[in-house]
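Just the one chain here, the form predicted on its own, laid out as structure tokens.
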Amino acid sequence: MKRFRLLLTGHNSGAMNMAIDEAVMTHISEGKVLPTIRLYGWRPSAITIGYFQSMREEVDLEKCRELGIDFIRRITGGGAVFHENEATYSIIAPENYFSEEILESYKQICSGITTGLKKLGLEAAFAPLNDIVVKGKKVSGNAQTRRMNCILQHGTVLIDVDVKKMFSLLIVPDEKIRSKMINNVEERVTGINKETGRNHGFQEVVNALTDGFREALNLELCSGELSPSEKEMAERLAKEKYSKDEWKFKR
């Protein structure tokens, strides 16, 4: 049984959420804090793009500003993701805590999510490379990076999905294509509430995921909070890196 710190950091801006992950990873790499599972949300809602994407090519910046929605670049790869009514997790640990094989490590970590969703009455399954599905529909997408001798994996667990709103924030060159894409995503993506037929609150989902990670990964979870050093680093990174145009528009 491995000891992990459990961080429940509530709802933060996109810049702060990304900054916390980096600050935690830095401190874990230096052996200053326990490996960590963090569960959190987004306020305001946000669009994140993958590290290798172009913000100007992917995101309708004017629409985001009009609606007060954050736009931010992740340190992980993958595509654009709209974060609104969801519970988000990150798990950060030394690389040797999980398989060196990327697919196997995704499977190991995602088992915590599938176990948590089963506690909400859903038969969830891992769908390689990095999705979790319920009745064949995606309910969670995940991304991973390895640096500083650590593995960082974070992902969304959708409580409700507003596909039309999501596509209103993305750049799609043709309205006919947009309509087809919306229909396609609505057929392939779902949320917890739709599948269970009841409204689950953010905290209820966080509690289920906490139990899921604890059981599936055989962890001793120790409730904690950011250290003063992590907090200082996160605040600095949010201000000096993740909020800056140099980061957001670096590609």
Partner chain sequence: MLKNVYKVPDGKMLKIALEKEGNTIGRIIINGDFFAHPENCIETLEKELVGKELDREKLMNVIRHIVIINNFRIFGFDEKNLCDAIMGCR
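Worth saying up front: this structure is predicted, and the values here are computed from it rather than measured. Numbering follows the first chain given and starts at 1.
This protein has a second form, the form predicted together with its partner chain, left out of what is shown; the following refers to that one.
K.L.:
So if I measure heavy atom distances to its partner chain in the predicted complex, which of the stretches 199-207, 216-224, 24-32, 55-63 falls within 4.5 Å?
P.N.:
One stretch meets the cut-off, namely 55-63.
K.L.:
Under a 4.5 angstroms heavy atom criterion, identify the one residue in 79, 121, 94, 136 near its partner chain in the predicted complex.
P.N.:
Partner contact (heavy atom, 4.5 Å) among the options: 79.
K.L.:
Considering non-hydrogen atoms and a 4.5 Å limit, does its partner chain approach residue 90 in the predicted complex?
P.N.:
No - in the predicted complex, heavy atoms of residue 90 and its partner chain never come within 4.5 Å of each other.
K.L.:
Classify residue 163 as contacting or not contacting its partner chain in the predicted complex by the rule of any non-hydrogen atom within 4.5 angstroms, answering yes or no.
P.N.:
No, no contact at 4.5 Å.
K.L.:
Using a 4.5 angstroms cut-off on non-hydrogen atoms, would residue 143 count as touching its partner chain in the predicted complex?
P.N.:
The answer is yes: residue 143 has a heavy atom within 4.5 Å of its partner chain.
K.L.:
Is it the case that residue 125, even though its partner is missing from this view, gets within 4.5 Å of its partner chain in the predicted complex, heavy atoms only?
P.N.:
No - in the predicted complex, heavy atoms of residue 125 and its partner chain never come within 4.5 Å of each other.
K.L.:
Does every residue of 75, 102 and 129 put a non-hydrogen atom within 4.5 angstroms of its partner chain in the predicted complex?
P.N.:
The answer is yes; 75, 102 and 129 each reach its partner chain.
K.L.:
Using the arrangement in the predicted complex, list in sequence order the residues of 231-251 with any heavy atom within 4.5 angstroms of its partner chain.
P.N.:
250, 251, in sequence order.
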